[in-house]
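Below you will find one chain, with nothing else, as C-alpha cells; this is the form predicted on its own, and questions on how it binds or moves follow later.
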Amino acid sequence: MTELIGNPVQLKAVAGPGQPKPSPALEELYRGFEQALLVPLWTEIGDLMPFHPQSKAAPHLWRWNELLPLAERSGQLVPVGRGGERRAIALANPSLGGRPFATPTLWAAIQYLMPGEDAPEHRHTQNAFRFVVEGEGVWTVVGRDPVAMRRGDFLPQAGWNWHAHHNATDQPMAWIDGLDIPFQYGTEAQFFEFGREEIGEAERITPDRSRAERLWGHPGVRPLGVEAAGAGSPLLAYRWEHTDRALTDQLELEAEGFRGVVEPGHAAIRFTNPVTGADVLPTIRAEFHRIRSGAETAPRQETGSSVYQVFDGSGTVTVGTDQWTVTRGDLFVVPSWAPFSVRSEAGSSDSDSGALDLFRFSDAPVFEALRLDRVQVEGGNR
C-alpha cells in the first residue's frame, strides 16, 4: 500500500443549493471520507459533470515570426543526436501548467534541422505527422523509405514505425510536428524505442517520389500486389499540388453555381487513408481549409480540440472571447467547445491562392470512436 505524505482529499461542509446542511456530524462524516480516501459526488458534480465541456486549455496564438528565429537560434546551440533525438520545440498552452502540450490531447512543435544533419532513427507508439509551411530539402525516412518534404506537404506516420530525417541540402529547414503525445501520456499507453545510430546510404537518396507514393498515391485506385500494414495510412506524403487543386476546384464549382463547398466561400478537404477512406491516423484528423477573401465562416463549436496553422493569406480569427489577426505560419488552438469563426482578409499580395489557407489537425477520431463527438453550428446540433 502506498504511504501518503499529507492527505490529498480535503473536504469542507459548505452551505449551498443541493448541499447538506453543515453540522458537526457532517464534518465528522467528511473526516471519515478523507481518512478512507473517498470523495462524495455531491461536492464535485459541478466540476465533474458540467452542463457543457469546460476545457483546461485556453485559446492561444503563437506567431511564426517569433517561433522561427528561436528555432534558428536553437540550430546554432542545440545538437541533434541520441538522447535529445530531435530539435523539436513544443507549443505549451498557457493553461496546462507548463506542460509541452498544445491541448490536453495534442502536441504541436516546430522542428529544425541544419544542413547535412541527421535526426536519428527511433519509433514510438504515438501517432505523428509533419506539415511544411515553407522550405524544402529534408527527407523523412519511414521504414527505410525516403520521403521528400516540401512546402504544403502533409506527411502522416502511424505509431510504431521506424523513422529518421536527413537534410540533404546546404540550407536549414523548419516544419511542424503534430502528435498525440498528451493523449497517450494521459492514458499511460506510450512506448518508445531507439533505432539505428545512422541510416544507410541507400536511405540518403533523394527521390522525387517515395516508394509509398508510387504504390498508394494514385487517385481512386489501390495496388493488389501488396496489403497495407498497420492502423494508419500507407501513403506517407499528401502533396500540396493535389490539395491546392482540390480546394481551387471547390471554389470554382461554387462560382459556377454547383455544390462542393461546406459553406459559402469555404472550401475544405480531409486527408484520408486510401485503403479505408477513414482518417489517416487512428487518433488524429487532418484537414485543409480555404476561405475566399471577404468570406466569414459560421461560428462553430465541437467537442475535442484543434490546432490550426495559417498556410497562406491573412484574416481575423475568433476563438471564444479572443480575437487575433493572423498571417502565414501563425499557429493557434481551439479548445473543446470553444466557439470558433474566421474571416478571410487575404489578397494577391499575401497569398498565392488569393484566399486564406488553413491547415488543421484535431483529436476528432478519438471522440467519434467513443461516440462523444458533438458539433453545433449557428445553434444547430449534430
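Keep in mind it's a predicted model, so treat the numbers as computed, not measured. Residue indices: 1-based, along the sequence shown.
Separately, the form predicted together with another copy of the chain exists; it is not shown, and the next lines address it.
- Of the candidates Arg151, Arg196, Arg204, His242, His242 is the one whose heavy atoms come within 4.5 Å of another copy of the chain in the predicted bound form; the others do not.
- You can rule out all but one of 113 to 121, 131 to 139, 281 to 289, 166 to 174: in the predicted bound form, only 281 to 289 has residues with a heavy atom within 4.5 Å of another copy of the chain.
- In the predicted bound form, another copy of the chain lies within 4.5 Å of some heavy atom of Leu372.
- Interface membership of Arg343, defined by any non-hydrogen atom within 4.5 Å of another copy of the chain in the predicted bound form, is ruled out.
- With a 4.5 Å cutoff on heavy atoms, Val326 does not count as touching another copy of the chain in the predicted bound form; it lies far away.
- Proximity of Ala13 to another copy of the chain in the predicted bound form falls outside the 4.5 Å heavy atom cutoff.
- Of the residues in 83 to 109, those that come within 4.5 Å of another copy of the chain in the predicted bound form through at least one heavy atom are, in sequence order, Gly83, Gly84, Glu85, Arg86, Arg87, Ala88, Ile89, Ala90, Leu91, Ala92, Pro94, Ser95, Gly97, Gly98, Arg99, Pro100, Phe101, Pro104, Thr105, Trp107.
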